[in-house]
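Before any questions on binding or motion, here is one chain by itself as structure tokens, the form predicted on its own.
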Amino acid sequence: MVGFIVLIALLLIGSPIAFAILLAVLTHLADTPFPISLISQRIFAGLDSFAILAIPLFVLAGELMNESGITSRIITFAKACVGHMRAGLAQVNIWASVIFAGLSGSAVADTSALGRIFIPEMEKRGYPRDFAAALTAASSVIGPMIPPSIPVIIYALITTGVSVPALFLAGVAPGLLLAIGLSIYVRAFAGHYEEQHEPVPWKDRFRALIDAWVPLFMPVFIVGSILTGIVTPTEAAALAGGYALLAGMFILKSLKVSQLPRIFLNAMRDSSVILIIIAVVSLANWMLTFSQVPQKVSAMVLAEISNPLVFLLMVNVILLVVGLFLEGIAAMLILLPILHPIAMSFGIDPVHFGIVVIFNLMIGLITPPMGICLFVSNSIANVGIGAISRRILPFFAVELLVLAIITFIPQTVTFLPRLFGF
């Protein structure tokens, strides 16, 4: 309990999550006979995993694709498909996020890359600047749901017996449901901002498809190679990095050798932030397991709750509240060792539970006061967090509706994995 209080106190004063967890663990271990060398041993053991290599490799692949200038190709293709609809540019914003999700798997990268183009352009078309910023942030939640997805890989690393390919497939339907929900909302309530245009001729759509084949093929290449059993998720991440490098330098010819040092440096920096948290959390997970905290909490919850739906509802409430203050991956690393065993005790499908947890925590990226995507979007729009937060409330309601659907209708999540035999 003292360690938990220390953790919460450090997080509230803005301490980096890795150091907050480490100090909390040290507080607990101070009353135990374990030697101090155990801490370094457990930290390095937490990183001694072949599967963890997928994280920096996927980060690198995303950086390479982002720097290859493919964003304009994605937007051109999305405009050709949905730009003629009511609230056309808002629709393009949403569906460009769906395509971009297959490249980076990161909501923050989505917000940053697409926001720089869409926020000024939507303002020119008559949309309020704060509305454009809020929509860009809200649609970025699609990024971590559609494969490849870094949160999915981290979830599989924390838990046991959960297949990464199954989680990849399970995230597709929630990602598309969110895109459809946001599209319906902007069609109904944002159509008056922009004049409707004539549909793009089919020959122009086909030309846009040809121009966009490189980014569109990448997620098919990655997920397909995993599903067919040709490669492991880690090997697929290496292939993704190689594909992004070769495509950028020799197919698109938009990636220069002089850019590579900066790209690799950015990838190393972003990866190190994630990896140091994973290392410290592995120490915390060992401590929790040794102290039998998950077993004790499971017994307490099972004594009070007997219905798995009630448990899922409770988990949703807890994660939505936690998402207000903690970044999604950090919250997942802290809470999953406790929540996952309880979910398994209720007989909940681990793939279903995983997607519910990930979707929940990704919503936290757009909720104040600590929503990272809100800050990234505001850094581009410069309209103030308060203005974006007010505008994002309807989009937040749409995402809660999608969360309710995937929580209480498990088939929406498990259909694709079962179709492929997972």
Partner chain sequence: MKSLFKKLLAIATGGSLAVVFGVVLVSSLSRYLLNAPIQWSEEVAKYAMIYGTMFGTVLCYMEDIHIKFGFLKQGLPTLLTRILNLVLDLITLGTGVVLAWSGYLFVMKRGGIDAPGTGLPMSVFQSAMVIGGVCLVIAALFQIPSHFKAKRYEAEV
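Positions refer to the first chain, counted from 1. Keep in mind the model is a prediction, meaning the values are calculated, not measured.
What comes next is about the form predicted together with the partner chain, which does not appear here.
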Heavy atom within 4.5 Å of the partner chain in the model of the complex - the one residue of 180, 301, 245, 214 that qualifies: 245
Selected contact from 272, 72, 258, 307, since only one has a non-hydrogen atom within 4.5 angstroms of the partner chain in the model of the complex: 272
4.5 Å heavy atom contact, residue 316 and the partner chain in the model of the complex: no
Residue 31 within 4.5 Å of the partner chain in the model of the complex, heavy atoms: no
Non-hydrogen atom contact residue 234 with the partner chain in the model of the complex at 4.5 angstroms: yes
Touches the partner chain in the model of the complex: residue 404 (any heavy atom, 4.5 Å): no
Listed range touching the partner chain, judged in the model of the complex by heavy atoms within 4.5 Å, from 258-266, 346-354, 128-136, 114-122: 258-266
Within 32-55, the residues that have a heavy atom no more than 4.5 Å from the partner chain in the model of the complex: 35, 36, 37, 39, 40, 41, 43, 44, 47, 48, 49, 50, 52, 53
